[in-house]
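Two forms, one protein chain; structure tokens for each follow separately as structure 1 and structure 2.
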Structure 1
Amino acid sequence: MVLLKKEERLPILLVTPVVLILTGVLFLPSIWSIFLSFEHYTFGYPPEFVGISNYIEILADTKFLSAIFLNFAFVILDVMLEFLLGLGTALLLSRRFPLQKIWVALIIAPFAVSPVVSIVAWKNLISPQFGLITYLLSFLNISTEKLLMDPVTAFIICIIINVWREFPFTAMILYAAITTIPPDRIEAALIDGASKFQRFRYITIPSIWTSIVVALTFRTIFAFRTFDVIWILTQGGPLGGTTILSVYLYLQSFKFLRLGVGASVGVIMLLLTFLISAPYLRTLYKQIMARGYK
């Protein structure tokens, strides 16, 4: 066994508590959920091993299949809009203009508000009885009475609110990356007569590509397991039109008290999260290795 040098021990000692906490909070419950997914279990009764029956049951459930489709639709639309809005915001912030710091603070303001508080605030804004948005739209003869009663509009509203909450994450990552682009690259492109679009395509995007992959990776993972915005606004309704996998899992586990079925959904969500994030992680790994990091 090779003993670590003194300067190598300190980083390990500093990281160890975090690793232990993550192991206790994330890894061990995940392992327990995997075992639980093979059992029929509810509160007050001993667990009963049922093999893969829970998986067979949910894969045959049309509501579960609908939840998978809605989940992927939610992730694709949410992440795409967050990226476009975040990139546009980052490009605007990279330009010098008056009160820039105040605008940066306003953009990241959603992070300073509790998620539950911000979602309830939005729900009140579109309330048919006293919502401010309802009042403003009334001048255009637009009613918000049935916005959350229609599956399509309810789904769109959930996406819009989640984009508002989360796009500052992408914007700040890309803004920080843009500010690190060497000015001489831009100057050389200007001397060569490159247009704004050419500078954006051949200089800005390649220079911040690693940051783009990082932002997309994190936002895809977190968007895939979104729960709070949908549960507070619609609780999966109307007519199951916003029941994504996290809501389906919650209903199975805590409304129907079928913890084994809920654990099966959680395992499938874990596998799907890994599959959709693997391409991002592989791209990020290639970029890091290409830059010479070992």
Structure 2
Amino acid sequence: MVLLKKEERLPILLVTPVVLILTGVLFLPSIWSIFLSFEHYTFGYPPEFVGISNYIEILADTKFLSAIFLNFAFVILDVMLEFLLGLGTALLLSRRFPLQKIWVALIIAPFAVSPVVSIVAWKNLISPQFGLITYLLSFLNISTEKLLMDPVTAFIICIIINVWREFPFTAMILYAAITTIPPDRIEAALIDGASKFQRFRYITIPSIWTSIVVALTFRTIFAFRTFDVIWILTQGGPLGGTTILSVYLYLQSFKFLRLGVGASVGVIMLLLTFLISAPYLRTLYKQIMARGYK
């Protein structure tokens, strides 16, 4: 404290609690995690340095390679569907309906539902004994009996449930963005005789572009690490068909107690997350470092 200029003491003091907690819970353990990834460390036994053999092991493991592939497939499908549904919702709601607030409330409701309860809800709907979806699909002669026993359909159901729970985020952000488009812009376009599609393409989209980019970035990063919904529904099965990276990490670390291997998966996940978020972080960095006194 003594080394700081007097006017810098108060702000430093104010951020100390946050910095201390993050250092203790996040930064130091992360650094230790990097060391762990180079060690053979089974929980309960002393760690032993083994160089890059954990990395070599997982890169040769077909389950790990399949986890990377499934992870990317999951992210692409999940984020795409959430975006389309979110944008559609935002556009539709921006037309404004009578009782607008109630419609918004009902549509964003899944936002409040926990991962566990969303699984309970969807298991109810697809229950072979009494599910509503089972009943509706029976008219098309489709049975829901084996949906969770087939790797492909189980994977699709994980995505559907995740989209259901997460699309309100995108919908709310885009809806808020659309409602702040200045009305005179739209009027000007109307006077110029712009068609619906032209208005959408040349006014709506450019006006909400930042929000679109941010929503997509955030959802990509968050979808990439999905664990809860998948673990609760399928525990990575059937036949590893829903084992994405987070599930693979969990199995290695907490089922087989191989924390060294788990740590190396963690480091890879961290690197990939960093790569995905790099453009966003760069913009953020420039923006924040440029903050001076007003």
Partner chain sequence: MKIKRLEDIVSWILLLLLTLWSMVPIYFVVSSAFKMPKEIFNYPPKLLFIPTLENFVTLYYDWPKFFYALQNSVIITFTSTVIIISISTLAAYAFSRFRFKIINFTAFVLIAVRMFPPIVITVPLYPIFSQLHLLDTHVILILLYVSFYVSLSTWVMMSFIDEIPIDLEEAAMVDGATRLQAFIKVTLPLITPGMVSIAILATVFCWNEFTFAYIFSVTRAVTAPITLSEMLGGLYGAEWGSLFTASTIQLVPMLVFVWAVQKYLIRGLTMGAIKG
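This is a predicted model, so every value here is computed, not measured. What we label the rigid core is the largest C-alpha set whose atoms superpose within 1.5 Å from one form to the other. Numbering runs along the sequence of structure 1, starting at 1.
> Have a look at both and say which one is the form predicted on its own.
Between the two, the form predicted on its own is shown as structure 1, not structure 2.
> Rigid core superposed, CA of T180 - does it shift 2 Å or more between structure 1 and structure 2?
After core superposition, the C-alpha of T180 moves less than 2 Å between structure 1 and structure 2.
> Note yes or no: does the Cα of S195 move by 2 Å or more between structure 1 and structure 2 after the core is superposed?
The answer is no, as the C-alpha of S195 shifts between structure 1 and structure 2 by less than 2 Å after core alignment.
> Look at G88 and decide if its Cα position differs by 2 Å or more between structure 1 and structure 2 after superposing on the rigid core.
No.
> After superposing on the rigid core, what is the C-alpha displacement of Y285 between structure 1 and structure 2, in Å?
Y285 C-alpha displacement between structure 1 and structure 2, core-aligned: 8.0 Å.
> Check the Cα of F130 between structure 1 and structure 2 on a core superposition and give its shift in Å.
A shift of 3.8 Å at the C-alpha.
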